[in-house]
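Next up: just one chain, as structure tokens, the form predicted on its own.
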Amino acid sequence: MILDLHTHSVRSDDGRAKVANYCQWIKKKDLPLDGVVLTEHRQFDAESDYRELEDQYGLLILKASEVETDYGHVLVFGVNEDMVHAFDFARIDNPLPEVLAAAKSCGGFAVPCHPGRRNVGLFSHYEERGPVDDVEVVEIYNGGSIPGEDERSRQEADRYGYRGIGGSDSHIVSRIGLCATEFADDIATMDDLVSALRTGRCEARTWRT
């Protein structure tokens, strides 16, 4: 099962894609995606209901968040009411150890994204301040990366023993599915996804040329 774990819709301040249009594009282009995870910036969208789109297009649509920390941007999966109150999703400098700990204690999982990117990537901060405990997985394939960024992500992930995921980081329809994550087991819920990330039963994939 292949899911794009990093996407943004019009609910993000810089997103220009409607979720319905993502679904249409996936089917029109026959992309090898079974679903997407919406990771809106600095928020968790608890309101939107995409079940009709799931049924119409035969895709899994899950919701997560992309939050900002003092060590760069982080995808947070398994967001629930406890986690929403554990730290400030709108803040741009959350301490990374607090986000990692809150995600874990609330039953979720946190993954630094585009870690090879300057300023907003984990490994740029490692250069200046050293590594952070409890990071287990990072995004090694990102559809928005410029040349050299994913290479750095993979090299540093290998160096620190981190497992990897992939996501398109799409903000427009045509970027969906450039990178994704393949799961060994069927994923039907966010709990399934979190469990697979914890156990490592997944592999980063890219179709970028």
Partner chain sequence: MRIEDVELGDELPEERPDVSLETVRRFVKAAEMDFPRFTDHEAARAEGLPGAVIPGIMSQGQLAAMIHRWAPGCSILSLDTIFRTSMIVGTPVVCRGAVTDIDDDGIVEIDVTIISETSGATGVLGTARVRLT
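Note that this is a predicted model, so its numbers are computed, not measured. Positions refer to the first chain, counted from 1.
Only in words, not in the display: the form predicted together with its partner chain, which the text now covers.
Interface residue remark: residue 195 is not counted as part of the site for its partner chain in the model of the complex, having no heavy atom within 4.5 Å. Put simply, residue 184 is far from its partner chain in the model of the complex: not one heavy atom of it is within 4.5 Å. Among residues of the shown chain, residue 152 is not one whose heavy atoms approach its partner chain to within 4.5 Å in the model of the complex. Looking at residue 51, you'd find every heavy atom of it more than 4.5 angstroms from its partner chain in the model of the complex.
The stretch in contact with its partner chain in the model of the complex, judged by heavy atoms within 4.5 Å, is 143-151, chosen from 157-165, 143-151, 30-38, 43-51.
Residues of 164-183 placing a heavy atom within 4.5 Å of its partner chain in the model of the complex, in sequence order: 171, 172, 173, 174, 175.
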